[in-house]
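Next up: just one chain, as structure tokens, the form predicted on its own.
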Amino acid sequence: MERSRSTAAGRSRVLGIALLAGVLVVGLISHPTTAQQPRSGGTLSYVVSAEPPSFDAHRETTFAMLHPIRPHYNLLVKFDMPNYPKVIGDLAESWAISPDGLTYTFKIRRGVRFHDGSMLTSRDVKASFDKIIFPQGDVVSVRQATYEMVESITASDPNTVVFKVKWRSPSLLLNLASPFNWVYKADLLARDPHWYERNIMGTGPFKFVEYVRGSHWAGVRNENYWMKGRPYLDGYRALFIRSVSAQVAAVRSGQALIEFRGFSPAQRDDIMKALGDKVVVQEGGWICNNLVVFNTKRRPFDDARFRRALTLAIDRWAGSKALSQIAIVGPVGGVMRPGGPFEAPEAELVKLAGYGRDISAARAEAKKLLAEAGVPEGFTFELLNRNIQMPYEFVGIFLIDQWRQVGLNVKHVIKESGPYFADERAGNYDAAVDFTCDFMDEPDVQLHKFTSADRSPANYGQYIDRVLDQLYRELSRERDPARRLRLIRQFEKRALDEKVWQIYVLWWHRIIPHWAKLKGFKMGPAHHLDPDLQDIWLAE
């Protein structure tokens, strides 16, 4: 049995940022190749900009848990990153879907062992997905609502798992490939369903070595890994570095070869200037954004007029131009990713509150709504935020400046990831800079956060909206692309314009500069898809 050990350390600080400074220097973007023959050996060091609030992927939504810990685990099925979004087997060696689309049968690989030497069976897969889909007692599964179509899971024999569903789902197989669906050991879950929140035991390519809080997370090659010849690396070290300048310095110096989440254009150019042809850069769209969630149990956040005033006060179009120069944010969009298959056309987007091009008119309407809601000039509230500089603190400071334009005073409260998530879940906040970061463009995955609090633990606003619940159910069942688009637009208008339960600020743009000697990595549209490190290798 492997257990974590940590040393207490940590600090918080507030970052001051000049939003309108900075000139983008466009660099030559080179792309990685994998023509060389993979070689074994070496330890990969990489940057992680925050520390895990817990070690349990079923209850967390953050890269801060995923990036250091994912290499210890396998999934049932996963995305084939060179051919994303194609799904391939991981612990499942094959699967079949019944003609009526209501039965999914997975055959589990034989000979897979947990890191303690015990053999994995279908019982472990079933127990893991039972915890995700049918959590019991006080167990938190933040994605429970995305599996509403699943009726039952059975382990019909030691190497077979069967999912029965209530209706044909356009997204279930993709959803099962979620990088958060780690397979745990059934015996440990039976003993204590919270065991994995502070302990490690997986079947993945790397075994746990140590966690030193404020410093690093380390793993070593699993010599008994079920895939022969993998992993290539001898080990890895995830370095916890909060300061953005220190992150850049770590990559420039070679202390770390990559930060799997992303850097700003200016930071990219800094690294490229320093390293020349020793670095390659991958860029693309990102299924990730910052939004603001309101505590609807507190006044005046329970008043839709107040929430609407807050979104109207934000000049997203000007903010996009300014912030995209200095941060990893940029595109303006609704509930689905700009540039993705479900994006809102600008002609539709500008009809939503807070998305119009006339900011003077929008702010005049915001002031009128504040007066109607009985909110006095100079009203003060707190904005909870996460102590990740890029881009949370940038976005927080931008929002505070925007709300000041309509006479509101906002205090920026910045906390480490653990306390930040704890406050969101407990409702200990007025408003919070939140996020939706997902592993694929799929409304079943991205919109569950907006459904009622008694359905989705990820709804930190604590509101109940049965109209959104019904729209979500219709989307989950609908297989016609055109009808799905219409339902998404209805959902979007209800959530962002009519009720303003939460507000989107800006979507992100992903930029990954990394050392050229790091091979086998292909950037996807979601940092949650990285990294299991199974196929990554070092050229020297």
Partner chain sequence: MATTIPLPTVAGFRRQRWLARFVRRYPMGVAGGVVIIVMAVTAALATWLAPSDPLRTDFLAMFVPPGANHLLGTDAFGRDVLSRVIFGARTALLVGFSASFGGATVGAIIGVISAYFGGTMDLIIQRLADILISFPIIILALVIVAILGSGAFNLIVAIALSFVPRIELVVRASALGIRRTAYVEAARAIGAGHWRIIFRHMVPNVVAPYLVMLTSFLGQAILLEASLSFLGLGVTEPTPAWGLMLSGAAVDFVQRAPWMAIFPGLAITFTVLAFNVLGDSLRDALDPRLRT
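Computed from a predicted model, the values in this text were never measured in an experiment. Positions refer to the first chain, counted from 1.
Another form, the form predicted in complex with the partner chain, is not on view; read the next lines as being about it.
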Next item on the list: Please state whether every one of the three residues 228, 282 and 531 places a non-hydrogen atom within 4.5 angstroms of the partner chain in the predicted complex.
Entry: no
The stretch from 203-211, 441-449, 237-245, 353-361 that lies within 4.5 Å of the partner chain in the predicted complex, judged by heavy atoms, is 237-245
Should residue 384 be classed as touching the partner chain in the predicted complex when contacts are defined as heavy atoms within 4.5 Å?
-> no
- Message: If we define contact as a non-hydrogen atom of the residue within 4.5 angstroms of the partner, is residue 325 a contact of the partner chain in the predicted complex?
- Response: yes
Exercise: residue 402 in contact with the partner chain in the predicted complex, heavy atom 4.5 Å: yes
**Asked** Looking in the predicted complex, any heavy atom of residue 389 within 4.5 Å of the partner chain?
**Response** yes
Contact with the partner chain in the predicted complex, heavy atom within 4.5 Å, among 424, 343, 393, 90 goes to 393
Note: exactly one of 196, 163, 398, 286 sits with a heavy atom within 4.5 Å of the partner chain in the predicted complex, namely 398
Residues in 264-278 that come within 4.5 Å of the partner chain in the predicted complex by at least one heavy atom, in order, are 266, 267, 270, 273
